[in-house]
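Presented as structure tokens, the chain that follows is alone, the form predicted alone.
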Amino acid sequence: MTTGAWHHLRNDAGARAAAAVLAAAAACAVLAPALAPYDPTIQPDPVALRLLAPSWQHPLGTDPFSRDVFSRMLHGARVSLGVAAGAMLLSVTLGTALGALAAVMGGWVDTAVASLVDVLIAMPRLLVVIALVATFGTLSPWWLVVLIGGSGWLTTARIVRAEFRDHLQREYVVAAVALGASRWRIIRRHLLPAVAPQIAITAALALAAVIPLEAALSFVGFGIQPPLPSWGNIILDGVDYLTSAWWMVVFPVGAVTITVGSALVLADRMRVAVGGEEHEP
């Protein structure tokens, strides 16, 4: 992203607010062991401390197993956001590499990648991921990163391929080719910097897509397994207590909604910043 776009983004109140929310969520995830007042897995008194409403001692209440929901939310952020960030990075890296390869190589490579994207993008991602998890059984967080990230590169590949093909026709790239620059040098010095803003926007959108996907997998029992907390399985623990223990659903759903909304707002404000600069005379 160029200086003008960064300046526009820094002066955008919506972008700053969204970035602040995401930074706060990341900080809570990283600092969860220091911030959490209780062990997220311990069950101190399954009778006396079961399903306590929010209070000073338990700010977000307790669950059916007497565990502190606030502590589980913090540690759940560590797991949920960690899986989401890892999957996003993997999907964006794969998509960028394959999109760039297709555009630069052309010919049968371009046709093969484009055809593969067209076929796979028609498949419902959630159903594909659930089918794979059901086939291979319970997966560790690392394998969830591989599975979710490995199924999410299609949009990035399509965008990067289109952007690369556009820039390959521009004069500065044609001049570099005429001067004998290698493909790797053209990609590294010219194409990637030019397409970086679009990749950043795609990364924010990918993060917004992956967070609820991980939560949904954990909610249906195919994602993070108890007693390890994630926002999805915290919701699952409280789904049978919607009227008597609303806090077990409201707070994790709110965390997912706010985090996803912030990522979407940031992506939108980045798109405005980049688009505004591109249309400047």
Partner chain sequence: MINSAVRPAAAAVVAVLIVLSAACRGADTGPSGGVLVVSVGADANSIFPPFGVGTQDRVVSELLYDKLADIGPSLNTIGDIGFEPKLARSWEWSRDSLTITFHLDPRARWHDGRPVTSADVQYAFRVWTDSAVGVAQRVALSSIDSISAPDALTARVHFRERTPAQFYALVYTLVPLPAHRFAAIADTALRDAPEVRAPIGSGPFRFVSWTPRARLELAANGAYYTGRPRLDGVVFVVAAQGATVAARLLAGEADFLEQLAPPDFAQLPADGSVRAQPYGGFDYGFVQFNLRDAANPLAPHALFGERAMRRALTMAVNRTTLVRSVFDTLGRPAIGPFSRTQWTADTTLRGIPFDSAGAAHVLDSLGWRDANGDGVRERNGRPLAFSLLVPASSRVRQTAAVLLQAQLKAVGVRVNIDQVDFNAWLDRAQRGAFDALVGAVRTSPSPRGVRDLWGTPGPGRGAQNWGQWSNATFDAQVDSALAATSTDAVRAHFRVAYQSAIDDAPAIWLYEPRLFAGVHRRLSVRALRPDAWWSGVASWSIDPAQRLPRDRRAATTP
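As the structure is a computational prediction, the values presented were derived from the model and not from experiment. Residue numbers count along the first chain shown, from 1.
A second form of this protein, the form predicted together with its partner chain, is not displayed here; the remarks below concern that form.
Between 97, 146, 109, 134, only one gets a heavy atom within 4.5 angstroms of its partner chain in the predicted complex; which residue is that? None of the other options qualify; the answer is 134.
Under a 4.5 Å heavy atom criterion, is residue 54 part of the interface with its partner chain in the predicted complex? Output for residue 54 is no: heavy atoms all beyond 4.5 Å of its partner chain.
Hey, in the predicted complex, does residue 251 get a heavy atom within 4.5 angstroms of its partner chain? Residue-level check for residue 251: no, no contact with its partner chain.
Considering non-hydrogen atoms and a 4.5 Å limit, does its partner chain approach residue 93 in the predicted complex? Although its partner chain is absent here, residue 93 would stay clear of it in the predicted complex, with no heavy atoms inside 4.5 Å.
Is residue 47 one of the residues lying within 4.5 Å of its partner chain in the predicted complex, judged by heavy atom distances? Yes, residue 47 lies within 4.5 Å of its partner chain in the predicted complex.
Sequence order please: the residues of 213-242 with a heavy atom within 4.5 Å of its partner chain in the predicted complex. 219, 221, 222, 225, 226, 227, 236, 237, 240, 241 sit within 4.5 Å of the partner.
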